[in-house]
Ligand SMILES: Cc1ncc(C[n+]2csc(CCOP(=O)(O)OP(=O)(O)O)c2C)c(N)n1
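A single chain comes next, written as structure tokens; it is the form predicted on its own.
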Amino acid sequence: MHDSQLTHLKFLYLTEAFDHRAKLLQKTGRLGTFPSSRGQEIFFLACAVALNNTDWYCPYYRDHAALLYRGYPAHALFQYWAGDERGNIPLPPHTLPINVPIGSQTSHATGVAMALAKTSNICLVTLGDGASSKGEVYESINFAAIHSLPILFAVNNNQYAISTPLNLQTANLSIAEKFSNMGLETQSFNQPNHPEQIFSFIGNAAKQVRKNRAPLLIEVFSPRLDSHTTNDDASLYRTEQELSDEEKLCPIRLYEQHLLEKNYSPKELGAIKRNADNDILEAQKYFLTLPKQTIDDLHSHLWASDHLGESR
């Protein structure tokens, strides 16, 4: 058993605890609309694990596991989803801010990849299956293919664009296949019963981009175990049977089972989970003690500063 597997479990537990606390805080009015990543944690964690410290990570809005792994403090993530601009201050190095507008992060990431073209580093950008129908995503992929940019487009296919199922959003149910004729290689991974293999799949994809200095699009199928956001009610468009079947594919529970089969004890895993729960609880307590942001905080980071330190 490798220590890396226990590290992976730690960050999966941290993400699970963060999602849980964030949903509770939203219900009490402490946070705004919140997008849970429950069921999709391993995808985002594997994306972060696949990168070097000097590679660039470009998230959308469900990347809690990746951001925590790259060093984003949990209390700052709470701040961000509370609408507190100061939550963006401790952004990890080589990491773009959380991006909520659907698909626009691919344009940002393609620009980053262009700047990395003559380096040994790569850029990884995450997007959902719904974003794959956005025009700027096509434009970004096309531009990356034309200029052979070192970028990995990582599609989290959770089968729903808010309430719209995949078959009503795209005629091709494989996102990878949909983009396969755009001048870049595409790959798909659809084995949710083997969550450990997702780390290898995404890790190998990142290595390929690094070696070939050319774009690659990958697709990973992930179960969406919560509604799209806390403002959505998935029971209005998903059956109880569908939700029950998806719950059996919860990657954290499957990953726990994988580790137990490798002779780790429930006591050991329980200790890691308790520590993660306590860490997130402490982050929540700290977040709740922070002074409220001022009006100045809303725009104090919008402007660049000159050599005299004055705002332009």
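None of these values were measured; they are calculated from a predicted model. Heads up: residue numbers just count along the shown sequence, starting at 1.
Just so it is clear, the following notes concern the form predicted in complex with this ligand, a form of the same protein that is not shown.
- Partner contacts here mean any heavy atom within 4.5 Å of this ligand in the model of the complex, and among 55-63, 273-281, 23-31, 259-267 they occur only in 55-63.
- Mapping the unseen interface onto this chain, Val100 counts among the residues with a heavy atom inside 4.5 Å of this ligand in the model of the complex.
- The closest non-hydrogen atom of Ile162 lies within 4.5 Å of this ligand in the model of the complex.
- This ligand is not drawn, but in the model of the complex it has no heavy atom within 4.5 Å of Lys178.
- When this ligand is considered in the model of the complex, Lys134 lines it closely, a heavy atom lying within 4.5 Å.
- Asn158 is the sole member of Thr95, Thr230, Gln79, Asn158 with a non-hydrogen atom within 4.5 Å of this ligand in the model of the complex.
- This chain lacks the partner; the member of Pro73, Gly130, Gly87, Pro223 within 4.5 angstroms of this ligand in the model of the complex by a non-hydrogen atom is Gly130.
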